[in-house]
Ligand code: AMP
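Below sits a lone chain in structure tokens, taken as the form predicted on its own.
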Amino acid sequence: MKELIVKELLNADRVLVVGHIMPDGDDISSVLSLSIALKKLGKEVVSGIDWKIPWIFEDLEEVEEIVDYERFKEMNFEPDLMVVVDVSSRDRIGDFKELIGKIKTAVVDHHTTHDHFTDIWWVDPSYGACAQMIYKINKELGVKYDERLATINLMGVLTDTGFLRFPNADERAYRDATELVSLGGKPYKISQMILENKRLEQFKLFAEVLENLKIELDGLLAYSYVSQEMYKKHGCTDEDSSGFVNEIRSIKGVEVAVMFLEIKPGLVHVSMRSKEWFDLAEFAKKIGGGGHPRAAGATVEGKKVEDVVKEVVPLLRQEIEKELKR
């Protein structure tokens, strides 16, 4: 299906590139990398993410060009094609889902839980990052890379593979990263922006997260939460807690780490990570979410964070115990 998407992109004059809500580095990278590439080819392009872009990415001037659905409607932009990137289900694109069925839509995604909600799709979970798939598309489009595009594209590869530390960092991920560096990509700029750009308030919030940390199953399962009260107390938002689950996973002996984040009253995001053997993608489907075997999540509406913890943890504990008995 990659070839068909490339063909559609070449034939389209006006393209809308859309990412998912609660965007991460790979999502933002994929949206911008494809958008920049298409503009280089002379296309009219709008980049859309129906969510506030986390402040950590504010050093990327291209982020200012990303619009939410309300701003998109005000633009009177009529695309020939909408390309959805790094998205496994229509609910993950916010109100941009209103356009599905009204204009031709393609998706490029690497999640194992994809539900094929568009006209055309290229879904390949073997890729560590969606940004790698965008890189392949851009090469087939004949786009000439410069330092800026190479760095933005590299950001997605590095962030979704944990800076080439996670199990999804295979030979192909290293090769793609190497090629992007050879094209001008600057890994040190990405690491400074993502890893060395934390606010003091984040550390104070994380200190309280550690106070609430629970460890079960002889150290295999670790989880904590952030309530709305905690965010307000430390002058933080959900943007500040995005990396907490990875910190918990780094604890020695932990296989599964979970963070319950109360994004706003009545909206709780369950962010999950595993190290080696527990398949979080399968578990996430049981609670209405999706993702990858080692990184998955779900969003629960209409409940308090403490209630979501009480519902999800016993189910997760049960599934881990089942896996241990196999």
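Numbers for residues come from their place in the sequence shown, where the first is 1. Remember, predicted model here, so these are calculated numbers, not experimental data.
Omitted from view is the form predicted together with the ligand, to which the following refers.
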Fill in the blank from the handout: in the model of the complex, the residue from N168, S224, S88, T118 with a non-hydrogen atom within 4.5 Å of the ligand is S88
Handout entry: Contact segment among 225-233, 182-190, 88-96, 169-177, judged by heavy atoms lying within 4.5 Å of the ligand in the model of the complex
Key = 88-96
Exercise for the section: Examine S47 and determine whether its closest non-hydrogen atom to the ligand in the model of the complex is within 4.5 angstroms. Expected result: no
Exercise for the section: Indicate whether S35 is a 4.5 Å heavy atom neighbour of the ligand in the model of the complex. Expected result: no
Practice task
Examine R249 and determine whether its closest non-hydrogen atom to the ligand in the model of the complex is within 4.5 angstroms.
Solution key: no
Exercise for the section: State yes or no: in the model of the complex, is some non-hydrogen atom of I28 no more than 4.5 angstroms from a non-hydrogen atom of the ligand? Expected result: no
Handout entry: All of I134, I152 and L154 with a heavy atom within 4.5 Å of the ligand in the model of the complex
Key = no
Fill in the blank from the handout: Across 271-294, the residues having a non-hydrogen atom within 4.5 Å of the ligand in the model of the complex turn out to be S271, M272, R273, G289, G290, G291, H292
